[in-house]
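In the block that follows, a single chain appears as structure tokens, in the form predicted alone.
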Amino acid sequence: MVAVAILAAGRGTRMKSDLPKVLHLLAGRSLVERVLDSCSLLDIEKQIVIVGYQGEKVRQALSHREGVEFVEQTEQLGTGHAVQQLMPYLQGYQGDLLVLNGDAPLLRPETLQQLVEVHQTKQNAATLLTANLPNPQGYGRVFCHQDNIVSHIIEDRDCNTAQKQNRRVNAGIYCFNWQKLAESLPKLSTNNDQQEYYLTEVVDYLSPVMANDSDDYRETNGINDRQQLSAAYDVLQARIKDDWMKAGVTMVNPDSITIDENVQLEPDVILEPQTHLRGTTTIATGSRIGPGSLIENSQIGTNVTVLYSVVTDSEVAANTRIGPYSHLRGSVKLGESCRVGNFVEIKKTIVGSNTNVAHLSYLGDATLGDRVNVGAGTITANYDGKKKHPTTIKKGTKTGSNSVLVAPVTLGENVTVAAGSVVTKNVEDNALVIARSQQKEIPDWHRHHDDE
């Protein structure tokens, strides 16, 4: 068992924002929530978030997470001071304490699991997660004896020139024997350049203290500004895309593609350049997405193509073709082997199998049967200025080009709507409906022009 404390009290002035740094979003989730998620493989007894700047916003943002407790750090006087605030809350606690930074969202659960296992197996007083950075500027350096036993830690600003050559850095992630830590916390001083209480000083009072190097230094990266936030997104995307390509997904120009973590892909999916997959999207085998497509919170069946189109909150069955320049939104359900073509928008509509909406159409709040053909320029006029109304088009029906179906209206089976019709009444099965003015010709008609 282990207690987890997340340091989330700072403002993060380099973010240039009124929002607490830990609440900035990385790929749709806040930094602090990602840190909490990195503990998913641990047997956790307590989860404590130490808040300070706009602490109420942090509390509200995490209110949906069960078991999270909050401790207030009214003054931000350093990491050691933050952990000192835990002493009344962990009085009598006998286990280990894992201390994490709320702005380090790239940690893998496996890394923290290994850190805790090393700490407990070696029965260390403290175990530090460390990383060997190509450029360690700005990070505290960790100096070790044999077997990775830590001798001392020096903050970057306090290092001399020789000490700065050490590339092993403190990631700010610790596992402590709580009872031994609690005895050391009152000994912390402010004898440093910033006159703050550094948690790293407890190394001077604890033994043994061990360094445990991360396999990938990038996962220890903290977020201090917008550039680092963007770089963290790139790291996440590289992980996600590498995993999917190993699982049998083809990506053409992966650098131009983005994929959210909750997206699920099957083998033999092809993602073309500038494809973006968001939310809880699933793509079945054989489908080809892009180029230039956005799919969000949608389910795409087998052998579907989506070209230069946007699909949100919708379901698309097998062998359907979408695009170019189509837009599906608001709980659209497309049947098998459909065709949705150029400049078509479909909203909150159910479409049967083998139905075509090829170009220049709008369908809203509608239900279409199988084998319907929607002619170019057909629209459902579903909004009367106050309410939305439904349109039903039954199987086998065809609408001519430039038809308007004024809802609420129902077209029966095998109906043919003549081009240019404005349909305002229900139509029986097997009918031809013509609802337009009769063409007239006026012979020998000339425009009147003003005299020059």
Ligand code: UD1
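For clarity, every value in this text was computed on a predicted model and none was experimentally measured. Numbering starts at 1 and runs along the sequence shown.
The form predicted in complex with this ligand is left out here; the points below concern that form.
Contact with this ligand in the predicted bound form, defined as a heavy atom within 4.5 Å, holds for exactly one of Ala82, Ala366, Leu106, Met251, namely Ala82. A single residue from the set Gly352, Gly323, Gly78, Gly375 has any heavy atom within 4.5 angstroms of this ligand in the predicted bound form; that residue is Gly78. Taking non-hydrogen atoms only, Asn101 approaches this ligand to within 4.5 angstroms in the predicted bound form.
Not displayed here, this ligand is kept clear of Asn166 by more than 4.5 Å at the level of heavy atoms in the predicted bound form.
When this ligand is considered in the predicted bound form, Thr200 lines it closely, a heavy atom lying within 4.5 Å. For the chain shown alone, Thr302 is not a contact residue for this ligand in the predicted bound form, no non-hydrogen atom being within 4.5 angstroms. Stretch 136-144 is the answer when you ask which of 309-317, 232-240, 344-352, 136-144 has residues with heavy atoms within 4.5 Å of this ligand in the predicted bound form. Counting a residue when any of its non-hydrogen atoms is within 4.5 Å of this ligand in the predicted bound form, the hits in 5-22 run Leu7, Ala8, Ala9, Gly10, Arg14, Lys21, Val22.
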